[in-house]
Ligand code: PEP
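Taking the form predicted on its own, here's one chain by itself in structure tokens.
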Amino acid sequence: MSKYVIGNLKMNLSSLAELERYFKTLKNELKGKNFKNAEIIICPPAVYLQNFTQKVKNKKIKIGLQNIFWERNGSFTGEISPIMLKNLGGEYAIIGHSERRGYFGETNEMVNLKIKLMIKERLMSIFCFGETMEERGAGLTSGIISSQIQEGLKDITPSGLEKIIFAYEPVWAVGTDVIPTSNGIMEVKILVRKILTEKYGMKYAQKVAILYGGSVKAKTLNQVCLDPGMDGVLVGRESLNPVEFLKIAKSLDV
């Protein structure tokens, strides 16, 4: 299975000058690099979606969004539909990120609606889930993750499962430089496989990619990805620097 390297640029690249510098650095860093087993996905701010789909022409790099809405169109001021994503050349969307859940009250039910429409439109969802520090301290990690996954996958068929990438994202590790142990990450991976096997059967559960996200850096890849046997990483801050981001991708291109 290929390793996914997903970059979440969040609310950054605040000017066209910054955007152009990003493209220039990315182009320079891609020269001479041939990624065979790393699937690279970049999720810029929505206002730059078309810039990215038009300017990033490397076949190994796909483009996505950081969020979408659960309706195709209509009176939903400020929202972006999967149809818009698809028509502008994007293929992926991050759904259920901890910042969406925390700042904007995104619920498991909303996550489920978004994933369903993404599947219907034949687009790929990057489904985020994870516990807070308080939940972890109270021994609720397994229960929280189980609920997020079960409710997020409500009424989704085994064939729909093929359009979902799972990303374990402990809330307490996002942007903090505090990361779980390899064993802790592996335990969550085993838990997710167990949940999916019980729901869909081993045949489908074994095909699913499970990633880690939360303060990912090149120097921590062994701990957060390779040692626990994860299928890739969801990268935040480091994705803003194409040099570091592609260093991560190259390290996982094995």
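Quick note: we count residues from 1 along the sequence shown, nothing fancier. Note that the structure is predicted; figures quoted are calculated from it, not measured.
The same protein has a further form, the form predicted in complex with ligand PEP, not shown here; the description that follows concerns it.
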Can you tell me whether residue 214 touches ligand PEP? I mean in the model of the complex, with a 4.5 angstroms heavy atom cut-off. yes
Since only the chain is shown here, I'm wondering whether residue 145 would be in contact with ligand PEP in the model of the complex (any heavy atom pair within 4.5 Å). no
Does the 4.5 Å heavy atom contact test between residue 236 and ligand PEP in the model of the complex come out positive? yes
Is residue 119 one of the residues lying within 4.5 Å of ligand PEP in the model of the complex, judged by heavy atom distances? no
Just to confirm the contact call: exactly one of 170 to 178, 83 to 91, 130 to 138, 108 to 116 touches ligand PEP in the model of the complex at a 4.5 Å heavy atom cutoff, so which is it? 170 to 178
